[in-house]
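Given next, in structure tokens, is a single chain: the form predicted alone.
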């Protein structure tokens, strides 16, 4: 990058916050996908005004900007695919600005770690439910940009359900406010809704106002063991339709169970077709007992052969162990994991898992599945030998067929990871030409010079 640009950024944010040395360029060249695209510089803005000045300058000089939080995404959303600068928000813009007890909202900067906010509000008796698997290190700005979900989505929803307002810098340097901290707001277009899940392609989020709720006093965990995946999937949507809304409803199929047991030997039922792990919460034990009784009845009516209820925190942790550790365990089936986060209406889960089984047999690949079935979100993992290009090619063909099956079942390409680079080639499966043109028109309205995170989402 031309030295004059580096000097400008250094003048704005201080030379101690602008880097173009090899170490920084390599460190910010990859995310959780492990794909690599090297930027030309890394800039750590200290505040919203600096973000505004940087965007205005880059827009005038046609310099590409990739906003970045923790770089924990699985689809390449934070990768500088076209070079330019990484605008890294985690170093300075990471403060909880306000916890408003009276109105039950929190105001945060984008670099705040998800779990840090959870702990801060829970200390005051409040609750921020969205809990992506990356909650210990992912930033709230990244959560907003990808519309992150998590295990508690079955009952409480995902990031979009808790965003009340955003402050955003658009490419011309203007700072806009989208939304209000009021419960009701129907004035004007829902710009916050457009920014959420836009993956940094429309603007840079600099402040987030989030809804909080009262923290439930108690929770409890249970696990059901099923002879087949179909039985388990039927139990999921029938439970949700039967009057119980569990906090979480997670599942592991047989391949996933076997992988965890092979690595950790926890005494899991390796002959089971699937297991379902569920949490319920509330303020009185009798409320939890009633929920668990109803869940048990539905599970058993749908083939459950064993139903366990945790009575202590240790027992709960033991029941959750397999789900929390399964992702690392399935590498027993291959050195490369082609993982996707497809989502279908809950009632279509049995059909989806049946289609995935057929595709796995067709391509002779192992496809362990697990995930958030309480909201229809399944993590499919096509396992291949990463050193065998032919196997990797076969794996990608299997993924494309899985996407097609998902769309045919009225599902979506992504429930929480976003599109980024990795799923961009498949956008045509889910959207018509007219819909894609509408997306491009929105992008152009915000970013006419295409400087913000180009090449993402197929735009």
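All values derive from a computational prediction rather than experimental measurement. Residue numbers count along the first chain shown, from 1.
Separately, the form predicted together with a further copy of the same chain exists; it is not shown, and the next lines address it.
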Report yes if all three of 122, 309 and 362 come within 4.5 Å of a further copy of the same chain in the model of the complex by some heavy atom, otherwise no.
no
4.5 Å heavy atom contact, residue 435 to a further copy of the same chain in the model of the complex
yes
Distance check, residue 92 to a further copy of the same chain in the model of the complex, heavy atom within 4.5 Å
no
So in the model of the complex, is a further copy of the same chain close enough to residue 339 to count as touching (4.5 Å, heavy atoms)?
no
So in the model of the complex, does residue 193 come within 4.5 Å of a further copy of the same chain, heavy atom to heavy atom?
yes
Here the chain appears without its partner; judged in the model of the complex, the stretch of 240-248, 267-275, 108-116, 225-233 with heavy atoms within 4.5 Å of a further copy of the same chain is 240-248
Sort through 294, 104, 133, 329 and report the residue having a heavy atom within 4.5 Å of a further copy of the same chain in the model of the complex.
104
Which residue, 154, 356, 369, 259, is the contact with a further copy of the same chain in the model of the complex, using a 4.5 Å heavy atom cutoff?
154
Can you name the residues of 184-216 that have a non-hydrogen atom within 4.5 angstroms of a further copy of the same chain in the model of the complex?
184, 185, 186, 187, 188, 189, 190, 191, 193, 194, 196, 197, 198, 199, 201, 202
